[in-house]
Each structure stands twice: as C-alpha cells, then as structure tokens.
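What follows is a single chain, given as structure tokens, in the form predicted on its own.
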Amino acid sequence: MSVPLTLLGLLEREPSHGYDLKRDYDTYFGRGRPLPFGQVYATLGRLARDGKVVISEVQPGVGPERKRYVITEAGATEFDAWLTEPIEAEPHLQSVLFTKVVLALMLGRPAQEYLDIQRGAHLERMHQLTEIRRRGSLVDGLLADHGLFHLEADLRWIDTTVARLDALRAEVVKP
C-alpha cells in the first residue's frame, strides 16, 4: 500500500491534522498494522517538501503545534493519476512456499508434510477471517473476503502441488 498516496486521498476528502489522518488510515487501511505517528509526520513532511500538500493553519497545542494539511493541485493530480490507473495484475505467487517445496524435494525431505503444515496454517487463518467477516463491519468483511479468496487460491495450489509432487521431484532431483 502506498502510504503517501493514501494520505493524499484522505486529504482530498477534507483538510486534516496529522493525528486525524493517522486515525482514519488505521480505521480503514491499517487492519492489524497501524501506521506509526512518526511515519505519518515524515510522510506529510515529504509531501509538503514536494509541493503536494501545504499547511493551511497552525494551532498551538498542549504538545507540538497542530498543523492542518491541505492537498495542493499537484497532490490532487498525482492522487487522481494513481487512483484511476489500474494496478498490474499480480499472480500472488506463493514463491516462498514454492521454494521450500522444491528445496525439500531436492534434499530428500518430506515436502508433503511441509505442505500439510502450511494448509493447517491457512485453514486457521481462514477461520479467523471468517469470524472477522461474521462479526465485523462492512469494511472488515470486505477485507476478510479479500484475504479468504487469496487463501482459497493458495489451498488449491497446495492441493495441486501435493498431487504433482512425484513429477516435480523427478524434475528437480538430480539422478
């Protein structure tokens, strides 16, 4: 996820203080990975330096001054270009898992056991995401669905790979 572009999008909605941007980011995009305050302010500083946001007002606060940020025309143009450009379709290859399977086969280790362990981890995560979808908000549910669909695809890949382990072993193990 692009933090700078996400912050620009939040600022296009309305001018905001850094604290408010962090809160909104965490609420909508930070599931399980909240954005550190330091990253928010460092990103806003770079956006200001690059002319994509300006500070519209500064208010004294109990701690540091509260700065209200406003997106500039340059920031809005960059955000719009990013928003309207389709992302490159990625196959979401499970390359680490594939590497583990091939190495296990090359080394004579139990690749199917590793795949079974991974299947169990995926099923556990799917259970967690199903609970989130069932009990959470619409935003939580849609994010959980996204994760579930990817995990389902991974499980299909694991099943296909298990069915082809002998053929893969023959291809990657030197006689």
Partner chain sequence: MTDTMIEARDVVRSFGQTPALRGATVAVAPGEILAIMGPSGSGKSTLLHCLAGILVPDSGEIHFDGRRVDTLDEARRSALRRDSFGFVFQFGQLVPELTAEENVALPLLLGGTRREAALRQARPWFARLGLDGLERRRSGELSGGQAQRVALARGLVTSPKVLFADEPTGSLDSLTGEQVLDQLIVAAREHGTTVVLVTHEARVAAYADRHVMVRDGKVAALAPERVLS
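Numbering follows the first chain given and starts at 1. Since the structure is predicted, the reported quantities are computational estimates derived from the model, not experimental observations.
This next part talks about the form predicted together with its partner chain, which is not shown.
Contact with its partner chain in the predicted bound form holds for none of Asp24, Ile55 and Arg68, as no heavy atom of theirs lies within 4.5 Å. Contact with its partner chain in the predicted bound form, judged by any heavy atom within 4.5 Å, is made by just one of Met106, Leu123, Leu138, Ala42: Leu123. Contact annotation for Arg33: none of its heavy atoms lies within 4.5 Å of its partner chain in the predicted bound form. Proximity of Leu143 to its partner chain in the predicted bound form: non-hydrogen atoms within 4.5 Å are absent; the residue sits far from the partner. Contact annotation for His127: at least one heavy atom lies within 4.5 Å of its partner chain in the predicted bound form. Contact annotation: Glu152 falls within 4.5 Å of its partner chain in the predicted bound form, judged by heavy atom distances. Along 97 to 120, a non-hydrogen atom within 4.5 Å of its partner chain in the predicted bound form is carried by Gln112, Asp116, Ile117, Arg119, Gly120, in order along the sequence.
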